[in-house]
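As a starting point, one isolated chain is supplied in structure tokens, in the form predicted on its own.
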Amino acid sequence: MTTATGTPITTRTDGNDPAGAMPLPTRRDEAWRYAPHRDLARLAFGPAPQAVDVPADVLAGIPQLGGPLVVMVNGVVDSELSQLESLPAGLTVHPGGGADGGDSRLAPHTELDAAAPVDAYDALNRSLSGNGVSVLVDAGEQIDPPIHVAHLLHPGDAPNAVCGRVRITLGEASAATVVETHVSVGDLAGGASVRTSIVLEADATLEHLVLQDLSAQQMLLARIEVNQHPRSRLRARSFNLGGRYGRIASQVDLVGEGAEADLAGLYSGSGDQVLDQQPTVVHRAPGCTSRQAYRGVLDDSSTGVFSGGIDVRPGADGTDARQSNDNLLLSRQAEVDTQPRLEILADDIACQHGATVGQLDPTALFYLRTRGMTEDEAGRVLVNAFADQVVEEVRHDAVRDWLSRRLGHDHD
């Protein structure tokens, strides 16, 4: 099978075609316009390699959160590396997904799985990801500390790309924090497609953090699907930092009246990185609130992409939706492509969006230099202050400290 341009589509190593009749996305597809398609075409998706060793320093380099830890190596849970003993009351973790165990809390995810894939990479994930892992919180439970799902990519020569699957359900009036970290072993070219589905029942509260820090020749295709019921609250923060191509695509469906979604993120690129943010919030019920606030720092020849959507469906009266995207370019070769997407099909709504692209303020640089700083020191202070507006919103010290070290920021 080939795409419209004649490029062979990636397949299983056994020759089966898990993407069916779907061609790979091209630059003609709006959501993939700025992706590095030549690099993506080199990905060969297949089953996870067997007997992969993970160096101790890789695990030591991820945030140490002191709670439940699920380690997924090439999309498969590694029970020896995971820490799932003595789970808090009210928390269930199915290392094999639990889809075959009859757990009724997984039924909404089965419904999500039945929907048509959005593109060929989504189809590949559904075919190759297996059962993955499921995280389930009982109604009324408040889980602390955070639940950590660490995705470790260890690419081989063939195939060099794998798929992973995560399911998260919070029962009625429950609360939890889930951190997903994406790191890798070695510097071989490769990639991962990871699909996370989240169901928040009525009055549930979830803080969901995504930390992407793959090696320079590797790519992440992350898709996050959220289904929110009445008065549920989502606080999502993404940090898109590593890799040749980092793509974090989120779709949040507000299906229950009074649901709230607060999405924010930071993407910080250098070299020839492409860091791609694709959040969409769909308002399907009345009285819902959503916020999107993303910031980008681009240096060298890196590219930042923000394509944020607000979709207000008929009947979603009383919607309050706001979106902002602010970017800082540190090089003449750096580029940012920002595109708000609004579709409003309801009455009595309040929607607004804004985007900025700029460079370091010369007046602020001059002021700091008059206080004894070098030009480099002054620039670093301004960049840190810009990025830290997102970093400082992270409520968990270990994650915030990890981000500060990764970004080279100084904190007390």
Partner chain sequence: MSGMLREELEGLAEAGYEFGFSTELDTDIAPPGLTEDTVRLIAAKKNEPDWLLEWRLAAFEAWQQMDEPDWAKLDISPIDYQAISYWAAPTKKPQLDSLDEVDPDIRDMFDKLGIPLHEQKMLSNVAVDAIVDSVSVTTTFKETLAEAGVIFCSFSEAVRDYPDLVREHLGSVVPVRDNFFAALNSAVFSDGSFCYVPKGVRCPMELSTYFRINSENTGQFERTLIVAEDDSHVSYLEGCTAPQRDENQLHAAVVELVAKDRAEIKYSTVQNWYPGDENGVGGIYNFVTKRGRALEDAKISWTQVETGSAITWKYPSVILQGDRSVGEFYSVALSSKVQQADTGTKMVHIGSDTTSSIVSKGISAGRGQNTYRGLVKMLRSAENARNYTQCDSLLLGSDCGAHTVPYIEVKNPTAQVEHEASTSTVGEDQLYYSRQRGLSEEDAMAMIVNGFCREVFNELPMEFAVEAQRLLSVSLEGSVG
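The structure displayed is predicted, hence computed values, not measured ones. Residue numbers count along the first chain shown, from 1.
Quick note: we don't show the form predicted together with the partner chain, though the next part is all about it.
Not one of T370, R380 and R405 comes within 4.5 Å of the partner chain in the predicted complex, counting any heavy atom.
Stretch-level contact analysis of 381-389, 358-366, 66-74, 45-53 against the partner chain in the predicted complex, using heavy atoms and a 4.5 Å limit, identifies 358-366.
Among heavy atoms of L342, some come within 4.5 Å of the partner chain in the predicted complex. Taking non-hydrogen atoms only, H37 never approaches the partner chain to within 4.5 angstroms in the predicted complex. Not displayed here, the partner chain is kept clear of A41 by more than 4.5 Å at the level of heavy atoms in the predicted complex. Of the heavy atoms in T374, none are within 4.5 Å of the partner chain in the predicted complex. Contact annotation: of the candidates E335, E257, E141, D262, the single residue with a non-hydrogen atom within 4.5 angstroms of the partner chain in the predicted complex is E335.
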